[in-house]
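Only one chain is included here, represented as structure tokens and corresponding to the form predicted on its own.
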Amino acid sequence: MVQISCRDLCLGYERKEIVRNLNFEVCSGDYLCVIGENGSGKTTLLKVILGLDKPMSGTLELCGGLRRRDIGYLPQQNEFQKDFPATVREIVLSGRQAKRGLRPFYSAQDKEIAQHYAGKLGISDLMGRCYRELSGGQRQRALIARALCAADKMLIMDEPVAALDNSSAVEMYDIVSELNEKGMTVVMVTHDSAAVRRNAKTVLEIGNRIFCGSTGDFMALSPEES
């Protein structure tokens, strides 16, 4: 079942076009890796999917009952996030905010889900700590846990292994792969060619070359990536 349909999409910012005539679909249960050089429009594409930016032209539609509240999002870390004045528990729980609706407080289920993913990411003992006191890797783990709490049908990640050591990155990929095997659709921007080769079902390359197809076809087209 198609969840995202993209037709003749043109992306850019400040009236500067960075990619044009982008056509692709994301189906339920896919694991799509988006690759390309810096400045090729990868993050802009994610923001258009999330409704945070508008395309210059063309269409991008959510299909098959997918709503933006069903999507968990892990953005790139930035300076503001590093100084965010909240506890790790508050950061992780905020991933459940869209599910809370008009309820003034988080439910027991919300708290249980937050604790579950905190445990998965190895930050259970950090839940009472202030987010700004954490190392870069610990902050990234907290943000991944937050995104997982928000994701019902789709998980979108922008360079998720930033600030993680190799061991932590492998653990993160294993968690995401487990969710994907259970039916979660994954869309991930990455420069990690090993992760593309190991995890992706589909590859979308944007920039000077536009490609969308299976990982096997991409590797055959780009043997230097294998």
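One rule holds for the numbers: they count along the sequence shown, beginning at 1. Everything numeric in this text was worked out from a predicted model, so none of it was measured.
Another form, the form predicted together with a small molecule, is not on view; read the next lines as being about it.
- Contact check for R15: no non-hydrogen atom falls within 4.5 Å of the small molecule in the predicted bound form.
- Contact check for E37: a heavy atom falls within 4.5 Å of the small molecule in the predicted bound form.
- The closest non-hydrogen atom of G41 lies within 4.5 Å of the small molecule in the predicted bound form.
- You can rule out all but one of 41-49, 55-63, 193-201, 178-186: in the predicted bound form, only 41-49 has residues with a heavy atom within 4.5 Å of the small molecule.
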